[in-house]
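Next up is one chain by itself, shown in structure tokens, the form predicted on its own.
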Amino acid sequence: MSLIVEKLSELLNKNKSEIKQLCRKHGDKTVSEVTVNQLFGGTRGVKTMICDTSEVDPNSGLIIRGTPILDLVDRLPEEIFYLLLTGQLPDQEALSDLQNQLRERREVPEYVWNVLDAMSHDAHPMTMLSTAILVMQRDSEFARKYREGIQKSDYWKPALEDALRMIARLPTISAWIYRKRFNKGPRIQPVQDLDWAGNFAAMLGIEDPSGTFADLMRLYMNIHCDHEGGNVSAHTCRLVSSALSDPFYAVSAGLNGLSGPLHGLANQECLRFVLKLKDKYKGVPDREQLVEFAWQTLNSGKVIPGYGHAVLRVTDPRFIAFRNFGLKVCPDSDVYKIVELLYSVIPDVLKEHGHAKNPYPNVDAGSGALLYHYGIQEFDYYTVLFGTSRVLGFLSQIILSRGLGEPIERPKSVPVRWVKSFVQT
């Protein structure tokens, strides 16, 4: 039995006992009320689900299992996955055990390459990623065990096996999507002893003599790993999984949600805004020019991309992590200088404008500029990077949900006429 299985067995038994006690003692207590505005507004802010892997505090930002994200930026993504699952960072023995398990499972089946090679040359990179995940469903351990009649209390074990296979293969698949879709040359094989994100960086084929691009990939994978359970992609994944669809079906569905322009495409829009400024002013604008441009943008009914957040009311700590990285590796880049200038100007403009609940930058305000610096300038690929990271959170939530025996999701819907009748009584 692997160390992570031992740890999860102990954790899940404890958590199931605690949940039974909570429901027995407080099961009838009201947690949340729903207003008509929330009913018509995407149920924003309505508490309807459990997610132990992470939480987003309005004044602190992303917290992974009780640890602020800024305290985790120097960790390996493998450590973050272990933390998401167990609530603890692994010691060296547990980390080595997990890394070895991933290495044992990272060979991508030939049929995956056949499917990707058969896709149109102009297929969207996210379509390629979602498809690659989906076709691997044929080898799902969970699907096989379920057909054999596995006990419900053990559902999480084959789900964990599917997760390990998917995570192990993901860097090779995602890197090949970049190289194939954008004509970067032949597929690069993983290096035996490199860590998960280090291998991903190497297989992308980006020139990296200083090793800082690999560091960026480690940071990027950590920063985007999870963000509660209610965002579109995580909730889609959880919803599909709640029907006992295996992790391949569920993760593919979650990635399709991530592909939407209101969710996973934000960093592209932020970078386009920065590049637009650079083109307009033939370099870095001065402060007065940027203030004028910001007001023109706002007065035309548009937004400043990368500023504001549905939950946060402070500068996103994930932006701070990327900013600190940028200050070290590319402080003289015009693109990065514009990101810095925006950070010093836009919050005050938005405060004066008065309509933004949060005038501060979110994670997307600076991440695209760093990718651009290292030569990844194919915007359509950026969401694949996001998705490669977020799969860590998707799968952690699936495994824990299976381990706790959570039921199928089935919220009640009502027609508009019901609402009209309700508010008139």
Ligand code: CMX
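Predicted, not measured: the structure shown is a model, and the values here were computed from it. For every residue, the number given is its place in the sequence shown, counted from 1. The term rigid core refers to the maximal set of C-alpha atoms that superpose within 1.5 Å between the two forms.
Just so it is clear, the following notes concern the form predicted together with this ligand, a form of the same protein that is not shown.
Proximity of P305 to this ligand in the predicted complex falls within the 4.5 Å heavy atom cutoff. In the predicted complex, this ligand lies within 4.5 Å of some heavy atom of N362. This ligand in the predicted complex is approached by N358, whose closest heavy atom lies within 4.5 angstroms of it. In the predicted complex, this ligand sits within 4.5 Å of a heavy atom of R44. Residues placing heavy atoms within 4.5 Å of this ligand in the predicted complex fall in a single listed stretch, namely 306-314, out of 82-90, 306-314, 124-132, 151-159.
The contact with this ligand in the predicted complex, taken as any heavy atom within 4.5 Å, belongs to A266 out of A266, A197, L164, L277. Of the candidates V335, V345, C330, L298, L298 is the one whose heavy atoms come within 4.5 Å of this ligand in the predicted complex; the others do not. For the partner-free chain shown, just R318 of 312-344 comes within 4.5 angstroms of this ligand in the predicted complex, judged by any non-hydrogen atom. After superposing the rigid core, the Cα of R75 is displaced by less than 2 Å between the shown form and the other one. Annotation: Cα of A356 displaced by at least 2 Å between the shown form and the other one, core superposition. In the core-superposed comparison between the shown form and the other one, the C-alpha atom of G205 has shifted by less than 2 angstroms.
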